[in-house]
Ligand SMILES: C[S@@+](CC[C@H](N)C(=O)[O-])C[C@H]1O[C@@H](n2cnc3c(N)ncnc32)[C@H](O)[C@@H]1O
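As a starting point, one isolated chain is supplied in structure tokens, in the form predicted alone.
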Amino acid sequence: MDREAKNEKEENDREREKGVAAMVACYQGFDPAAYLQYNYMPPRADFDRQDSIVPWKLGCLHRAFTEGDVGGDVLVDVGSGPTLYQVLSGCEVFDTVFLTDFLEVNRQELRRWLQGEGYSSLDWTPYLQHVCKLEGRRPSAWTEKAARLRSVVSDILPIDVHLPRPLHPDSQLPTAGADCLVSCFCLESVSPDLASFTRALGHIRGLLRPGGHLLLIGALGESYYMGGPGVRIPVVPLDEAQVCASVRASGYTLVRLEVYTLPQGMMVGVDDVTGVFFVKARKP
């Protein structure tokens, strides 16, 4: 590498680091309880409405986890935030589940529910009941599902998707990698630009064994969301083509892309999202 190219690379690396540091600063005021109220209550989580966003996401995950090709021992949820819905189907398929998040406040929120101690900011019962219905079980089986989830979550770990090795080396993840990764509204929400989003996809690929699957849900056309009162967090505005290109450029084989377009009733003033994507991909 000649000196000019080396200088350009170093300058690009510095700009990347500044962008990531700015994103970290944005998250210092993140409020898990407010975020859950904004996004995981009606109308966005109205289980009686066919056009509600949360049931759509749960349906995508249910299908992916029950098609027969996603399986193994270990599931890792990348960037769990303060939410549990994304592993409600997967916890029936995998015997070991790792939840992860960059923010300690989110990891604390998850621990409160999983340990059954203290106050949880959201009642997950309607979610558990809905997924039981998708599985052909009685809604009253939600208590069994809750017990199953609590039994298979092995740990709640810190993660940084901007590092080439996002998890600490001391984590109990098998050396060969996880059998499946799920990640919902994480990568585009913590990346300062499209290139960073693509790099983060590549970094988490290192957590996945060859032949393992990635189930990715994220926002389309979103430039910001509210992470709490007065906490405006920038997001990389993605379109379908960019999502597919980034997934392939990061070394995955794209299995399918599904898209949900927000109806007017789902636009509740806490973001400017226009749609949601679901990706099922595989690591060759």
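In case it trips you up, residue 1 is the first one in the sequence shown, and so on. What you see is a predicted model, and the numbers here were worked out from it, not measured in a lab.
FYI, the form predicted together with the named molecule isn't displayed, but the following is about it.
- Task: Identify which of C184, L181, L201, L122 has a heavy atom within 4.5 Å of the named molecule in the model of the complex; exactly one of them does.
- Result: Of the candidates C184, L181, L201, L122, C184 is the one lying within 4.5 Å of the named molecule in the model of the complex.
- Looking at V87, V131, V190, L207, which is the one with a non-hydrogen atom within 4.5 Å of the named molecule in the model of the complex? None of the other options qualify; the answer is V190.
- Query: Of the listed stretches (75-83, 88-96, 137-145, 169-177), which one has a non-hydrogen atom within 4.5 Å of the named molecule in the model of the complex?
  - Reply: Answer to the contact question: 75-83.
- Message: I'd like to know if V161 sits close to the named molecule in the model of the complex, meaning any non-hydrogen atom pair within 4.5 angstroms.
- Response: It does: once the named molecule is placed as it appears in the model of the complex, V161 has a heavy atom within 4.5 Å of it.
- Message: Just checking whether F197 would be counted as a contact of the named molecule in the model of the complex - the rule being heavy atoms within 4.5 angstroms.
- Response: Answer no; every heavy atom of F197 is more than 4.5 Å from the named molecule in the model of the complex.
- Message: in the model of the complex, is there a heavy atom of the named molecule that lies within 4.5 Å of any heavy atom of W113, even though the partner is absent here?
- Response: So W113 does not count as contacting the named molecule.
- Item | Contact label in the model of the complex: Y225 to the named molecule, heavy atom within 4.5 Å | Judged by the heavy-atom cut-off of 4.5 Å, Y225 is in contact with the named molecule in the model of the complex.
- Message: Using a 4.5 Å cut-off on any heavy atom, which residues of 31-63 would contact the named molecule in the model of the complex?
- Response: Residues within 4.5 Å: Y35, Y40.
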